[in-house]
Every structure is written in C-alpha cells, then in structure tokens.
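Take a look at this single chain, the form predicted on its own, given in structure tokens.
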Amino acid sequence: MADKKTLTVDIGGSGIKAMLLDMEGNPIGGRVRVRTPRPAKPEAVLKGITKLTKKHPDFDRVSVGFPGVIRKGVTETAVNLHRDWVGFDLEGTLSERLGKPVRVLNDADIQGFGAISGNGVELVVTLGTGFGSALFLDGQLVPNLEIAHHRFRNSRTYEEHLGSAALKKTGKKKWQQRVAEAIASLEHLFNYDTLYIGGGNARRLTLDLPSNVKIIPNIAGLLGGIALWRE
C-alpha cells in the first residue's frame, strides 16, 4: 500500500481543529483551527472544514470526529451544534465536496483511539462544551455509547452537571466536586480498568485522581483519527 496522508478533523462546540497524519499516525506539521460557526449548521461547519483543508492540502483521506451519535456516516444527534444535523449524511456530503474518501466517528470515540492501551475495560470521557463518552474492551470500541444525557444527580444529566455551561455557572470548585462524584459513579457502573479524561476542560482539573484515572491531551482527538483507516 502506498503511503497515504490522513487529514483528521475534530468538530467541537467552540472550535474545529485539523491535523495531517502519516501512515503510522504521526503528525505532519502542526494543528490548525477555526472557530465553530454560530449557528453551527451543517453548511457553515462544512465551509470551516474546507477552509482548514487549504492549510493542509496534501491529503489522501479524511477522518472526522463529530460530537454526537454516528451511524453509517450519518449524524443522528448534535445537541451542542444545531438540530439541522439530525439525519445529515456528513460522510457522504464531505467526501463529495472534497473528492476524497471520508470516515466519520463520534469525537470521544476517536479521542479514545488516540489514548487507550488496548488492555481490559477502558472508559473515555470528555469534558468540553458537552460531555462525551467512549467504551473499549481490549481495544475494541463498543459503538454508540452515550452517557451524557443519562441522569447523574438531582434528576439532571452528566452533561447538565459537567458541561461548560455548568462550569461557568457553578464555578471551578463545585464543578470539580461533581467530576469527582462522576468518577466514582462511573467506576461502579463500568468497573473499568482505566478511565481517561479528555476535552478542553480536563486541564482545569486539580483534584487528586485515583491511580487508574488519567488526563489525556486534546491532541488525542486528532491522533486517534488514524484508527478509522486500520483494517
């Protein structure tokens, strides 16, 4: 197989990031970013991705991480973007526009691929605009896991308690207490070997974490894109 370069894209609630990877998944050049448009409708986001491709034009295929449930390249949910994404064929539309093969997966799933060891039960959660989650068993992804909108405490969901809006409203101290409660709750639920915490707000955590809980850098959400092309 000839060397192929993968453009990996991470669509977030506040920013759209992209990076070029070689066949082994190593970065070629740096990360580029544009702000997520408001409203974040499909056409506006696609224009943002197209803008990023001009900064990394030498690519053969594309991996996209999207903040919602993905089924066969179609976005089924997009709570933190816009309702127009529901039922949108992101994979097909972007492939046609760029003239390159495209594969799309949930953004937390891709971040997980960029972080996991491949041993045992590994859970990934992302603390950003919303709350993302991914579950792996011996390196194999359990598809379409969506913890964000499940009840966490006081009849409210994980996302309502731990997303960016909650952090801004309650302050860092109380938010961190909630994160600690969530870690304990998720450990009882999944009995994971390792929990990885990523997303833009993970860097705000200063609490003492259990030995099987690790903070992962945001770049994992781009590096994991190479996994979409591994057979």
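None of the values given here were measured: they were computed from a predicted structure. Sequential numbering from 1, following the sequence displayed.
Not on display, but discussed next: the form predicted in complex with beta-D-glucopyranose (BGC).
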Next item on the list: Could you work out which of Leu46, Ala202, Val179, Val69 is the residue within 4.5 angstroms of beta-D-glucopyranose (BGC) in the predicted complex, going by heavy atoms?
Entry: Val69
Check: Which of these residues, Val79, Val74, Val102, Leu141, gets a heavy atom within 4.5 Å of beta-D-glucopyranose (BGC) in the predicted complex?
Finding: Val79
Check: Just one stretch in 150 to 158, 93 to 101, 128 to 136, 112 to 120 has heavy atoms within 4.5 Å of beta-D-glucopyranose (BGC) in the predicted complex, so which one is it?
Finding: 128 to 136
Next item on the list: Indicate whether beta-D-glucopyranose (BGC) has at least one heavy atom within 4.5 Å of a heavy atom of Val124 in the predicted complex.
Entry: no
